[in-house]
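Let's start with one chain on its own, the form predicted alone, as structure tokens.
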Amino acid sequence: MKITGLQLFWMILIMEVGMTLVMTLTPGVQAAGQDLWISILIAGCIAMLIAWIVTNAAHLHPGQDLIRLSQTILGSVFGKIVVVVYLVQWYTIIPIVLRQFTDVINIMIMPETPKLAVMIVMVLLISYAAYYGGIVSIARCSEMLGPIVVLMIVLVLLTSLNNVDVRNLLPVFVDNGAQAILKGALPSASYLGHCVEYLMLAAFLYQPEKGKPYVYWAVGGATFLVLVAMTMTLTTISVHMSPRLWYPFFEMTRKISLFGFIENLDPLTIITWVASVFIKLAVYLFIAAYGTAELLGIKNWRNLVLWIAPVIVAFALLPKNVTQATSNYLLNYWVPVAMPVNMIGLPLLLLVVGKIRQRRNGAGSS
């Protein structure tokens, strides 16, 4: 299974941009208020730092995925412990994202449809993509859906220009201090930090040693789109209304009215949302099944897809409401644990220890 650098670019960009727009705007504006745009710039810098760490760590041994890379650098025991930490992340985020997807669909367009029905349809789609084509079919879907997602976002932003009121961004850095702005950056940074999965995906590139630029461009592109879209949402809906809404970006779309007949452009944002969630879930399902099989020595990783699929549906039904599915996981695990440990700490550990071992081996051989 091999993918191109361009496919990797679209895969990371879609994973980051769609869910960051929808899921992190409300907690971000609750913390940073009208200074959210500064928070997004900080979040982009943090995501770029994560991209730099994971690309340099992955390139210590090009062609090895996270399962082999961690054991090569840290040894069998400690390497497997690191892998288990990532497996916890992968297995917990799949049902949460599935539930978040279902809640959005229920609230925005299909309130009468049972949650279970929406979940089953999505799980069948991602299982089909992961089982039959593996990362190759997911990458091809990303290459096809990526330009559509970007086009939909640009269309929403262009048609919202007449509703923009830049006074909603004032005053700058007066009502909120540096601590509040930094706090507002963390949710977006944690979602833009999904490039950490490059540790697993780099091994599938035709030329693993040339993957860095695609990761940087994907993170930079996603940050730019999120920055523009969130800023326009604030200028359209105002900083007073945004914290009270579950999905302010969708609400901005509902305010679009051009020439008296171009209205109700919700499908544009729904397309962005569905495509982003589909790629994200498919990627996580694949790396969870593939990584587990490699760690446990299971020959056919595809069989694990069939076991994982019904389990994630069952766990996706556990959150009692939108708050538990949206805020609890983000604020209690993803931001305080997954971002500092899985996205920064462990990749940095692999990079530092790997560099030290390379220098020792180089000194020993000379």
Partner chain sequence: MKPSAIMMRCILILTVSAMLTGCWDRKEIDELALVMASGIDMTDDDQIELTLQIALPTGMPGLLQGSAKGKPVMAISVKGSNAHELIGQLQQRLSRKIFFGHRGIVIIGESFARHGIDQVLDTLLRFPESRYNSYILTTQGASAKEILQLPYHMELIPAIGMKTMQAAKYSTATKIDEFLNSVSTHEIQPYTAAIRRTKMQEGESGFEIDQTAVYLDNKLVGYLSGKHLKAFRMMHDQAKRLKLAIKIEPEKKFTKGTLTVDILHFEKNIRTFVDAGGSLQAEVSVRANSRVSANDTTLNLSKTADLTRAESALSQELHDMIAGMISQTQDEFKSDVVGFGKALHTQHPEEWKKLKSGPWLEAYPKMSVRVNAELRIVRVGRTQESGHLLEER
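The structure displayed is predicted, hence computed values, not measured ones. Residue numbers count along the first chain shown, from 1.
The form predicted together with its partner chain is left out here; the points below concern that form.
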Heavy atom of residue 55 within 4.5 Å of its partner chain in the predicted complex: no
is_contact(residue 240, its partner chain) in the predicted complex, heavy atom dist at most 4.5 Å: yes
Its partner chain contact at residue 113 in the predicted complex, heavy atom, 4.5 Å: yes
Partner contact for residue 171 in the predicted complex: its partner chain, 4.5 angstroms, heavy atom: yes
All of 34, 108 and 132 within 4.5 Å of its partner chain in the predicted complex, heavy atom check: yes
Contact residue in the predicted complex, chosen from 78, 91, 216, 128 - any heavy atom within 4.5 Å of its partner chain: 128
Sole residue of 150, 245, 180, 293 within 4.5 Å of its partner chain in the predicted complex, by heavy atom: 245
Interface segment, criterion being heavy atoms within 4.5 Å of its partner chain in the predicted complex, picked from 118-126, 207-215, 152-160, 137-145: 118-126
